[in-house]
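First, one chain by itself: the form predicted on its own, in structure tokens.
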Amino acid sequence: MTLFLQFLFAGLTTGSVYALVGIGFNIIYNSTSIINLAQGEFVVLGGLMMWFFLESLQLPFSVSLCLTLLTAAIIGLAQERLTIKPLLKKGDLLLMIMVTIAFSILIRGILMFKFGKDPYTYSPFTEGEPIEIFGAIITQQTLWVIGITVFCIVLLYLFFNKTMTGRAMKACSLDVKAARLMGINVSKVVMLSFLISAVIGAIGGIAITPISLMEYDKGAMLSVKGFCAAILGGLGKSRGAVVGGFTLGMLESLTAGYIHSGFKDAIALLIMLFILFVKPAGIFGKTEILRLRKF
């Protein structure tokens, strides 16, 4: 039982990051129907930039945090303004997805040039003895990761359901043409969706780096895991991304613990294939006819 709990908490920790990446996928998908395959790079960007400001420049934690999130927001904004906006009116989804892959490769190359191939980490948010729960040892940073994820989920729920801007974004996800007729600036909604998803990804990177070493090339696999979480829960369903992320993280941890660590990364691909064959719409999704959006 102790070993199971240890694996379970480890799975919840990595699953938290997968959930945040999956939420980022869904935010952009709901506003544009685009799968942003550069989403995992923002997790890496958050972790490495936080190290740069905190350890290299020796700035205070709060200042480093703000600068890291600002950097992620600017890059997310640049992605939308420079690569996605010019292509939206053409309506070629495949081309836009390919552009997100090119953008992810660009970010990865810049990070490799700046940080090299070495792994980076920094001190946990709080110092102290690990916490023991029924024999399982849980570090304080693990609780930070899970807590930050829950906080982001609640904050996004309130934003999308209690604010006019959030409701405008939800309206665009339902019907772009109707939203435009109601006076909603669709272009700004798309821009905001990229900005929010970039910040969400960076938060995940900031939280997980003290536990898991951050390297420049982790973004591609994180994108795969986050996309799998989104598919598992139902693409476009934020609650589905949360459930899918935590489920995937726990399955990976249990597989590594009880079977073999070499099979851990294959679990995401196997789950994705299984879901696509059995229930393509995901756990919370509904099968419907895909209609290309006109901007």
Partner chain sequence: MKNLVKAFLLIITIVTALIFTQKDSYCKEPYKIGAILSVTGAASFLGEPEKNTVLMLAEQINKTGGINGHPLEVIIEDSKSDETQAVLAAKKLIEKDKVLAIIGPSTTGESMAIIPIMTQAKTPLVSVAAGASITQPVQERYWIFKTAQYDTSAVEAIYNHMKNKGIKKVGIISITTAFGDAGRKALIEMAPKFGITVVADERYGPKDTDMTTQIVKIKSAGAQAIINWSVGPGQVIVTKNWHALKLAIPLYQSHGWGSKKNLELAGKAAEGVIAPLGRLVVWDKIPDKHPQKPILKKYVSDYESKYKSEPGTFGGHAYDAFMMVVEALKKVGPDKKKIRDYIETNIKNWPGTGGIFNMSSKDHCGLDMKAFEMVIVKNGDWEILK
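Source: prediction; values computed, not measured. Numbering follows the first chain given and starts at 1.
There is another form of the same protein, the form predicted together with the partner chain; it is not shown, and what comes next is about it.
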| item | value |
| --- | --- |
| The partner chain in the predicted complex: contacting segment from 254-262, 226-234, 65-73, 240-248, heavy atom within 4.5 Å | 254-262 |
| Non-hydrogen atom within 4.5 Å of the partner chain in the predicted complex for each of 7, 129 and 211 | yes |
| The single option of 95, 106, 221, 150 touching the partner chain in the predicted complex, heavy atom within 4.5 Å | 221 |
| Proximity of residue 86 to the partner chain in the predicted complex, heavy atoms at 4.5 Å | no |
| Partner proximity in the predicted complex: residue 100 to the partner chain, non-hydrogen atom cutoff 4.5 Å | no |
| Interface membership of residue 154, the partner chain in the predicted complex, 4.5 Å heavy atom rule | no |
| 4.5 Å heavy atom contact, residue 14 and the partner chain in the predicted complex | yes |
| Any residue of 100-121 that, in the predicted complex, places a heavy atom within 4.5 Å of the partner chain | 117, 118, 119, 120, 121 |
